[in-house]
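So this first bit is one chain, no partners, the form predicted alone, shown in structure tokens.
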């Protein structure tokens, strides 16, 4: 008999809580049987600031998803974002030990261990160790086993986070009597479902623009070489419009998606738009140029920060990013967002249509991360990366959670 698991993919975002419930049969079959999107409170820039408020929102959204699925969730795969996340590229090496210079598993394991040897400062914890290609005497290899050489190297993009922040995310889930099986970076989860393997091989930059943060992941030659989080998202665009136009947050959000565009055009200076459009008391006109200039400034700021971080890490080379920029997240629906990305990165850009193997209602940018979490629940780590084991993350926190 094949074992059946009911898992929930949970994304605790600044502007929404997203939950997908999947039924996994054996090691190859996944059916999405429930979903829900709920309001988010007590979260700022992807980090939990009020455990009780956030817990209530997460609990309500999971309960609604369980009701939709008509069953109880058994385990949780949790997305992680926030400016507390950092990444380092570490290279490990080992000398081939056999007299005939043939690489053996002991040499491979030694190089991996050396790459992951770096100790973190107090208060930090590793979330992912993402393996990159091996190098044998300067020759790049995906699998050096049984190859001849003298010096073996392997690189890891290692992502770590603040222990308190990650612990708060676990507290919220464990506070409603559920166990977290694994924590996955939001950017990794989005990338795993939005890109084909050929796109990863050709190089691609995935940018997930959420409410309070923007996550990104860069693939080169099929490997993840850089991830990052910018503590700016769609809510900041709304706030800029609210302040600049002196309107409520609600009206600013409506103006953003009804009339907004991510870049300014000369024709905008002569055009005005109505706040509501029904000519009632309180309705008024605003210059379209003001709206588009405000949005353009914030969108360009986010994209410029990402490009600057990639260039600083010396991994931004358009010739290695042939698949271009793939945009997702709620703010990816903003008119002109692809044109803005093309201008900043000098690459082709598109808004993801979502994975083709799910229903149309789930192919929304809002579900990209949770769909990726379910993919991880089904397949575990990707073939080309080795991530920190779930027991390593959760185990390190078990005593800490009980102590606090």
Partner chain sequence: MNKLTDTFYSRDGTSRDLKIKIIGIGGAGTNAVDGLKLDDLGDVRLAAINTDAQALNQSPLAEKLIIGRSITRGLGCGGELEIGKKVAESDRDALARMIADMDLIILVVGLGGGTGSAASQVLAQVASKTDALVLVFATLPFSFEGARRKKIAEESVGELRQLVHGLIPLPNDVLLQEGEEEDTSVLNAFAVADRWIGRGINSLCAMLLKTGLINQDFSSLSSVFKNRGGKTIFGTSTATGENYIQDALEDLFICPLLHLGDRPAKLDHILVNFIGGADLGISKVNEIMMKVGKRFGSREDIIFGAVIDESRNQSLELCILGKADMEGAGRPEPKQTPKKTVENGLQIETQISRDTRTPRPVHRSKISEKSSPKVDQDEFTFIENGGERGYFEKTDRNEYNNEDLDVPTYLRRGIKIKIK
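Since the structure is predicted, the reported quantities are computational estimates derived from the model, not experimental observations. Positions refer to the first chain, counted from 1.
Absent from the display: the form predicted in complex with the partner chain. The rest refers to it.
Comparing 334-342, 40-48, 27-35, 360-368 against the partner chain in the model of the complex, the single stretch with non-hydrogen atoms within 4.5 angstroms of it is 40-48. With respect to the partner chain in the model of the complex, the three residues 240, 243 and 246 uniformly fall within 4.5 angstroms at the level of their nearest heavy atom. In terms of contact with the partner chain in the model of the complex, the residue from 118, 258, 293, 148 that brings a heavy atom within 4.5 Å is 293. For the residues 113, 72, 124, 272, the 4.5 Å heavy atom test against the partner chain in the model of the complex is passed only by 272. In the model of the complex, at least one heavy atom of residue 309 sits within 4.5 Å of a heavy atom of the partner chain.
In the model of the complex, none of the heavy atoms of residue 143 sits within 4.5 Å of a heavy atom of the partner chain. Heavy atoms of residue 203 never reach within 4.5 Å of the partner chain in the model of the complex, leaving it off the interface. The closest non-hydrogen atom of residue 314 lies beyond 4.5 Å of the partner chain in the model of the complex.
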